[in-house]
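Next comes just one chain, in structure tokens: the form predicted alone.
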């Protein structure tokens, strides 16, 4: 079954909202083994929507629309699809009654145009909306399936999960499964060169590389019968990729660096404190996004000024005077200082120049030192990041977490 998703709404074209519905639907359809070949966005215009339907019906046998099911005059999805299919709209009394009850419970006045949302072709399977007033619908005609869903995600998602997925699952005997390998510390070109033969000869699973913010992901995808275990196909290829890339593969699927670091800290029974300068608290923010991290993450200090480094972390004034706040020596004393003042097993410290100003020939924008201290000793690494201020801060935080991850793997 080949699918096209048509999102209806001028607000999408104007950039006022992001089309997250298409992402949600595509992700769920892949689990059912259903291919999504096209995403289309069209404004609240009958003629242009009619043209989009003509194009979609010529290249897809499952057409899913989102939006345009409301009570106002510019909500034209049902009316246009009914005209396109040569069907008439009639009042669907159970939906009309649900709309009346919706308004009654909230003490609001029902206006006549609200009942427009209860008008459907008699051939439609109407999908209840438990979170709003716009029901959805499924229509089968001319060997194609048309599914109409409301636009608000908090209405669309439960409707899709409760009614559309079971309907489609009965029609499909295959599923698509993906395993994402998350990689840090190796660029996309180096990853591709390392697994070039696997990419050239890929069959099942397919391998799709993607680079973003210094990370690389490899999506391994299998399409198989519903009763088969997709990991039987994925595991041999995954194992070979891991063998070649080593500990650069830090996680799978939705695992982030901070999640992996949190797991390792818990497994090792170690505590952490962080001293941040140029990253401005971003490392602490990332770590505290992980539930349960309070057992291992003791404290984060944003020691942005020289005075804060001296008073809070015990960095020697002469160190800053001789080597500068952005230096290997200062980073080392920051990391050791945060362990001594907090009692943490590990101290992680960063100092650098995020820009756009402040750089020199000797110390350019993007220069960052990252230190990790244990037992009064610290290892320091130097990095040269590129990009704007936000990107340099983000790269610093992720690199710091990756260094910490690798350190923990070897403890």
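Note that the structure is predicted; figures quoted are calculated from it, not measured. Residue numbers count along the first chain shown, from 1.
Form predicted in complex with another copy of the chain: not shown, discussed below.
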*asked:* Taking another copy of the chain in the predicted bound form, would 173, 235 and 327 all count as contacting it (heavy atom within 4.5 Å)?
replied: no
*Only one of 345-353, 60-68, 368-376, 27-35 gets a heavy atom within 4.5 Å of another copy of the chain in the predicted bound form; which is it?*
27-35
*So in the predicted bound form, does any heavy atom of residue 99 sit within 4.5 Å of another copy of the chain?*
no
_residue 380 versus another copy of the chain, in the predicted bound form: is there a non-hydrogen atom within 4.5 Å?_
no
*Check whether residue 242 has any heavy atom within 4.5 Å of a heavy atom of another copy of the chain in the predicted bound form, and answer yes or no.*
no
*Would residue 205 show up as a contact with another copy of the chain in the predicted bound form if we use heavy atoms at 4.5 Å?*
no
_Pick out the residues of 7-41 whose heavy atoms come within 4.5 Å of another copy of the chain in the predicted bound form._
11, 12, 13, 14, 15, 16, 17, 18, 19, 20, 23, 26, 27, 30, 36, 37, 38, 39, 40, 41
